[in-house]
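Here you get one chain, nothing else, as structure tokens; it is the form predicted on its own.
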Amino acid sequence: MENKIINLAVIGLGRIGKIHANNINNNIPGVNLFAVADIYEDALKDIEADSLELVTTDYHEVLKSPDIDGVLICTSTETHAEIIIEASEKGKHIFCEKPIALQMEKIDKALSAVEENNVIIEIGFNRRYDPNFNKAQKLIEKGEIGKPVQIVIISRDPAPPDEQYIAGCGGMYLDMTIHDFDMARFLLGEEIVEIMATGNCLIDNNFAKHGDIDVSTVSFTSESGCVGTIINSRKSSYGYDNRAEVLGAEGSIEVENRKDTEVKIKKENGIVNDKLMHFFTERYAQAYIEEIKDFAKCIREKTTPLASGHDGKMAFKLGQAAKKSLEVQGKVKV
């Protein structure tokens, strides 16, 4: 199966689904965009690919096709678990955007179906596939900075999402911070055992209307005693701010923000850099390509993805713990 063309289908053609469809179509050798599905016909018209064999408003048609090796689930969160189970039963390998579901029972049921049907599942924690975070993880694992003792992760979006998105996303910790929980686990190579979360709604009242917050700080402790801080905001007027620093006993590793260029102008009246990249779609353009390359490689070689179903479950578990900590205004054991 080493040289076999992998036929993939994208289910759900919102912003992220279109990114994946276009990457499969243009940027990933050995992978074929065989089918797309979306409940809205207008979304289907936006995808142009000579290889498309099936274009449908009913994703069940995709799952029935014997020619499709794997599906990318890019639909709304509340549909993920159901589609995972159906795809598993049809023998399709699965790439699913985070979170797997908004209830642990549904996550467990979905992952059980994956295991029972012996299919691969990869979760869309794209930052693991970013060349910068990926290199940092390898250096930490190699012992380049000694034992990690402190980690700080900052994630700030350039602007809040619309109210419809806010209503269904699961809240700050299951929608936004979930990426940072996963990154902490990824960089440290161990589990987080205690969480303390604080937050408030200070930017956009739409979050408060849905019982959510838009600024947050989460403090945590890992298995080895490493202490960490995750800083989140739903609005950053200067662009997409996503960086991390890990301090070790023998040094530190930093992953910085990315700008459109690294050109810097120095003059008498000040220093000027390019602005930060606008949002995650620009910042992680290469990571989106790499994660689908990994998905195809795992299908060919029957290996476990870098971002597994277990990783999806554990990040969700941490999000739940952070929500509980905010509610009780105290530390929560994970």
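Here the structure is a predicted model, which is why all the values come from computation and not from measurement. When you see a residue number, it is the position in the sequence shown, counting from 1.
FYI, the form predicted in complex with another copy of the chain isn't displayed, but the following is about it.
Participant: State yes only if every one of D58, E105 and H210 has a non-hydrogen atom within 4.5 Å of another copy of the chain in the model of the complex; otherwise state no.
Facilitator: Checked in the model of the complex: no contact with another copy of the chain for any of the three.
Participant: Answer for E144 alone: is it within 4.5 Å of another copy of the chain in the model of the complex, judged on heavy atom distances?
Facilitator: Answer yes; at least one heavy atom of E144 falls within 4.5 Å of another copy of the chain in the model of the complex.
Participant: Should S88 be classed as touching another copy of the chain in the model of the complex when contacts are defined as heavy atoms within 4.5 Å?
Facilitator: No.
Participant: Classify K135 as contacting or not contacting another copy of the chain in the model of the complex by the rule of any non-hydrogen atom within 4.5 angstroms, answering yes or no.
Facilitator: Close contact exists here: in the model of the complex, K135 approaches another copy of the chain to within 4.5 Å, heavy atoms only.
Participant: Tell me, yes or no, whether A249 is in contact with another copy of the chain in the model of the complex, where a contact means a heavy atom of each within 4.5 Å.
Facilitator: Heavy-atom contact with another copy of the chain at 4.5 Å: present for A249.
Participant: Counting non-hydrogen atoms within 4.5 angstroms of another copy of the chain in the model of the complex, say which of S112, Q164, T217, N205 makes the cut.
Facilitator: Flagged contact: T217.
Participant: Name the residue from C169, V119, L188, V149 that puts a heavy atom within 4.5 Å of another copy of the chain in the model of the complex.
Facilitator: Contact residue from the list: V149.
Participant: Another copy of the chain isn't shown here, but in the model of the complex, which of 119-127, 175-183, 70-78, 236-244 has heavy atoms within 4.5 Å of it?
Facilitator: That would be stretch 236-244.
Participant: Using a 4.5 Å cut-off on any heavy atom, which residues of 230-265 would contact another copy of the chain in the model of the complex?
Facilitator: Heavy-atom contacts to another copy of the chain in the model of the complex: I231, N232, S233, K235, S236, S237, Y238, D241, R243, E245, L247, A249, E250, G251, S252, I253, E254, V255, E256, N257, R258, K259, D260, T261, E262, V263, K264, I265.
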